[in-house]
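A lone chain, given as structure tokens: the form predicted on its own.
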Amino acid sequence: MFFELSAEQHALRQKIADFCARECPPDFETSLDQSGVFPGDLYRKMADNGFLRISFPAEYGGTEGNILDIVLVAEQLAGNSYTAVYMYLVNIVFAGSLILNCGSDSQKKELIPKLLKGDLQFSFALTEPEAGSDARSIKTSATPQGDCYLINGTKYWTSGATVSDYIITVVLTGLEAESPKAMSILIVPAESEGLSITPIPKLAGNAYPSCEVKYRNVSVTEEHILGGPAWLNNGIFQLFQTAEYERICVAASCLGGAETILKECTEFAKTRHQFDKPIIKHQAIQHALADMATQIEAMRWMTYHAAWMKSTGKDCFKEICMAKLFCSETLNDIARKGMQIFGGRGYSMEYRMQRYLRESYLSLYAGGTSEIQKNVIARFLA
């Protein structure tokens, strides 16, 4: 099996690296971590450089890229800015792919071109206070009233809700809450009357807020049903359309983050002296760096392999879940190793390593917990 990137993909990766060096230098994310201020201008610059258009058809203003191109974008952004990569994942990989694959013709024609130009932002509301990994246990409902639907309930961990134009919301619309056909997905304008949005303080990533969103008789019409009225009560099947994209891109973002940690640990080990020599000359440090490099190579091959399988139309849900599981768990292990290499300085807020550790924890939950990935993988082995 051969995963050599094309000339165009090498050029894309270099273009993103140049963009990040210019717009997301090493201390950029540190300043966001300290201020918690959303960098709206960065999102616009990502759009102006064409990064939002890569995975969409030309008819909507896209450049016809595939899933491996998306993986390369996520990997490079994650190596430089936690905020940038999650803006990209939520808007393009989650919301964008959902609208592209499941939206009606009118929804795609209206929303996707604006999204790719950076004129629209989306957030995605599925998780609730009592429904996380068990998505079928959601309670937020949309009940018909005349020509409209009234939404009531509470969503949790809705990333980007305070800065979004639309909140893509998963609700119950059927009569039987236990049936998968009870779910529908609604494209809810963020300025709708009855919406209340409150940011949730987090361990990291507060510049791109995750929010509690309360719906109190929020009114939408049939036009707001993702895919149109024919998809009422079939939202669970639409959700399946995005699970693979979400998980493979979380794996890619873990890969990018791990690469940065290794780079900074290697540079630090060359300049930090203990016992009259740079610590990179000590075997314990050499072994730690060797382990990290080996783990990262395995992360890269698992992620690229899964993306290659997806791009060629092969069944690859197992491989994608394996990549997401391995990469998220490995990123956390590498971040802990990084803290050990930096020693006491890693514990200091003056160094970025403590932030990398804090940021790494989200990967264990984003796209489904490690336990959920193991459940899925085990089903393929039974």
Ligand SMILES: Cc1cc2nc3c(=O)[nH]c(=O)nc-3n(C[C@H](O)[C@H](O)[C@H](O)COP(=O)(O)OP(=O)(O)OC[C@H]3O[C@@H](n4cnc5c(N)ncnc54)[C@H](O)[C@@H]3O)c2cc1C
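Everything numeric in this text was worked out from a predicted model, so none of it was measured. All residue numbers refer to positions in the sequence shown, first residue = 1.
Omitted here: the form predicted in complex with the ligand. The next part is about that form.
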*Would you check, heavy atoms only and a 4.5 Å threshold, whether Y166 touches the ligand in the predicted bound form?*
no
*Would L362 count as touching the ligand in the predicted bound form under a 4.5 Å heavy atom rule?*
yes
*Does any heavy atom of S6 come within 4.5 Å of a heavy atom of the ligand in the predicted bound form?*
no
*Contact between Y215 and the ligand in the predicted bound form at 4.5 Å, heavy atoms?*
no
*Heavy atom distance at most 4.5 Å to the ligand in the predicted bound form, all of F19, E259 and T266*: no
*Using heavy atoms only and a 4.5 Å cut-off, determine which of Y245, F124, Y149, Y88 is in contact with the ligand in the predicted bound form.*
F124
*asked:* To verify the annotation, which of these, G132, P113, G174, G153, has a non-hydrogen atom within 4.5 Å of the ligand in the predicted bound form?
replied: G132
_Interface segment, criterion being heavy atoms within 4.5 Å of the ligand in the predicted bound form, picked from 276 to 284, 289 to 297, 157 to 165, 102 to 110_ = 157 to 165
